[in-house]
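Only one chain is shown below, in structure tokens, and it's the form predicted on its own.
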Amino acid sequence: MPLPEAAGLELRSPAGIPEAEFRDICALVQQRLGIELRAGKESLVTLRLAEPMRRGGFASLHEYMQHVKRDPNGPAMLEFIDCLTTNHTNFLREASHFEFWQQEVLLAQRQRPEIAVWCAASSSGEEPYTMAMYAVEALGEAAYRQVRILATDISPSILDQARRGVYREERLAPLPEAWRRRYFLRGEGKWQGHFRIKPEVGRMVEFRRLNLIEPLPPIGPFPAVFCRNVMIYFNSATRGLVVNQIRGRLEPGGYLFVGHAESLNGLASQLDYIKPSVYRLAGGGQPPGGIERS
């Protein structure tokens, strides 16, 4: 991506970010996101922040960061978070998790009036919509009334994108053709080449902004939580904090799914290892689970 001319010489020379300023950015990212930025990421940071700097007319990175810090819970901070978070996902990603969830949770609890699941890093929506499709495949039309999916992410803009549920045709490539016809509407005219999730599927998912390293709201308990491919960006202490918070939102016997490249090894999580990237909270029974009604 070419750098905007208005960004200034500082942005044309990423390696020239003063060390103290880069440390300042790293500290803020660690504090607000729990993500560790290391030396060597200066170029990435510069590219990500170039656009908000250009739009705001800031002459330097220092000036922009002062603006962000003066707005700790407002639009400037949210935009800063948006710029420095990664949102990579796709439909059916690590599909074995959905199959396990379908068989061990959905079908086992089909007599419940409501089956809830929390997707704790929902990104642009492919993961929670995949859950919804698996639920309908397992439970039929009853799933539209019975299954409730809480989908959270830290990025307001990516949540807006997820709520729209519109995807280019190539994004649907992992899905069976029958699922495309069953769960999506094909765009026409200017929307040709795009697909939109059907309203009845979209209504199964509630999107909310949530920061996993901050105290969690009163949600749950859940029979299953998906928190996949996000903890790889955290240090050990932050991973422990996040896992403990999620554990407190699992019902007895509930499952936690993490990414295939992630592990809870070394964390005092009180979760039993079931299989690679699948863990279970001790206990059992069928207490009613659900999502706090907003």
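What you are looking at is a predicted structure, and each value in this text was computed from that prediction instead of being measured. When you see a residue number, it is the position in the sequence shown, counting from 1.
What comes next is about the form predicted together with a small molecule, which does not appear here.
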Checklist entry - Among Val166, Val201, Ala76, Ile154, which has at least one heavy atom within 4.5 Å of the small molecule in the predicted complex? => result Ile154
Next on the checklist: Only one of Val105, Met133, Leu172, Leu210 gets a heavy atom within 4.5 Å of the small molecule in the predicted complex. Which one?
Outcome noted: Leu210
Next on the checklist: Among the candidate stretches 52-60, 245-253, 65-73, 28-36, which one is within 4.5 Å of the small molecule in the predicted complex when only heavy atoms are counted?
Outcome noted: 28-36
Next on the checklist: Check for me whether the small molecule, as it appears in the predicted complex, comes within 4.5 angstroms of all of Gln109, Arg112 and Gln146 - heavy atoms only.
Outcome noted: no
Checklist entry - Would Ser269 sit within 4.5 Å of the small molecule in the predicted complex, counting heavy atoms only? => result no
Item to check | Partner contact for Gln161 in the predicted complex: the small molecule, 4.5 angstroms, heavy atom | outcome: no
Checklist entry - With the cut-off set at 4.5 Å between non-hydrogen atoms, does Leu139 touch the small molecule in the predicted complex? => result no
Checklist entry - Does Ile219 make contact with the small molecule in the predicted complex, using a 4.5 Å heavy atom cut-off? => result no
